[in-house]
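Given next, in structure tokens, is a single chain: the form predicted alone.
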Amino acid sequence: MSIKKLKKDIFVHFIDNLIRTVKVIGVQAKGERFDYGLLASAKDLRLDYDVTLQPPKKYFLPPVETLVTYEVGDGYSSQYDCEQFVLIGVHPYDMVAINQLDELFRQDNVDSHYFARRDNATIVACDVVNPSKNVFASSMGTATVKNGYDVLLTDIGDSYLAEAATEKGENLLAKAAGAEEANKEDLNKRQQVWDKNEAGLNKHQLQCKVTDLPRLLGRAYNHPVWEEKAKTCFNCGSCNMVCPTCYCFDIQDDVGWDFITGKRQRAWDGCLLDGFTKVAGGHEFRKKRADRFRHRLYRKGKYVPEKIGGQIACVGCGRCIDACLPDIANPVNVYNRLVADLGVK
């Protein structure tokens, strides 16, 4: 696949032309923070952002979505969102998270609603320019990414290097009038960015190898840290809602007032929320806050890795740390406490 160099003024024209032909979603300023939104102009696109408020997973697994509509006597109809769109500005750690979701939603019964959106998306990832205050992607091995995207952008000063990794990416870059072929010096500059980020996106240093986490957690189920941290937990679920790898959802039927029509919807849910594990008869098998707090960390460091070939379901974005009011959500702090108390075997 090709690697092009786009001068920044050429890149602006490229994005503006793209907006005229297809739905384009990109990172934009929201006061002093940043988040994804529909782009109206290239001048609103911010590829120098630190971290977005919400991860880009919401464009593939929306907070609330209708799966089925139905009418008594007239059957039901599955609902799919098949609109094509371009998603610009996905940081490497968020791309790794999307890759994990792809694998998880492909297992067993393939989630056709998820893949209707995923297959119609063209993802333009971008390497980090300004690290956020709580990022620890370097510790998690997610500071750079090599797959999943259609195009990868790297800021090398006066230009962006744009690597097309798929046919969709090639087709997208073919619309960039004035793009040049990248030369060896350009590629060296990109490598310098990668080297810097692989070492420097680490505001919280994990004191073990990321591959040690499943074994470490295997010995930590009854460790006192779960009770200690849970004492100040608000059960708000903010850490779940901002996590790019959390994918739990609840499904409910919404019956119309006419008792004839209705719809089945799914909505994000979170393992920190009280009632998340409540089942028939009112039984709740993780009723204690400490049990729910522990489950979140086990899900990331042990349970999901067992499902997807050892990949840790924490990508080091740091959003949970930003969102947690009592400051207990930092996975690195917990894992480092376990390393200090139990050692690594």
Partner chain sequence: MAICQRCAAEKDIYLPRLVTLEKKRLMNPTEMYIRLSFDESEPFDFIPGQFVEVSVAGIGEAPITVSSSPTQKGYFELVVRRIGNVTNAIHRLRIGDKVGIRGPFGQGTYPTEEAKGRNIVFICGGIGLVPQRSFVNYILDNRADYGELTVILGTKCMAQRFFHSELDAWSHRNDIKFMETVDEANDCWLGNVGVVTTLIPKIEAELRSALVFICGPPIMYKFVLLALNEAKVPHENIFLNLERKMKCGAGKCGHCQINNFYVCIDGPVFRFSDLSIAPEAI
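Being a predicted model, the structure only gives us computed values, none of them experimental. We call the rigid core the largest set of C-alpha positions that still match within 1.5 Å between the two forms. Positions refer to the first chain, counted from 1.
The same protein also exists as the form predicted together with its partner chain; that form is not shown, yet it is the one meant from here on.
Exercise. Name the stretch: of 159-167, 207-215, 107-115, 192-200, exactly one has residues whose heavy atoms fall within 4.5 Å of its partner chain in the predicted complex.
Key: Selected range: 107-115.
Quiz item: Can any non-hydrogen atom of Q79 be found within 4.5 angstroms of its partner chain in the predicted complex?
Solution: Yes.
Quiz item: Using 4.5 Å between non-hydrogen atoms, is D269 touching its partner chain in the predicted complex?
Solution: D269: yes, in contact with its partner chain in the predicted complex.
Quiz item: G31: heavy atom within 4.5 Å of its partner chain in the predicted complex?
Solution: Contact with its partner chain, no.
Quiz item: Any chance T277 has a heavy atom within 4.5 Å of its partner chain in the predicted complex?
Solution: T277 belongs to the contact set for its partner chain.
Self-check item: Among the candidates E181, D250, E185, E228, the residue which, in the predicted complex, approaches its partner chain to within 4.5 Å (heavy atoms)
Solution: None of the other options qualify; the answer is D250.
Quiz item: Taking its partner chain in the predicted complex, which residues along 284-311 bring a heavy atom to within 4.5 Å of it?
Solution: Contacts from 284-311: F285, R286, H295, R299, Y303, E306, K307.
Quiz item: Can we say the CA of G256 moves by at least 2 Å between the shown form and the other one when the core is superposed?
Solution: G256 C-alpha, core-superposed: shift of 2 Å or more.
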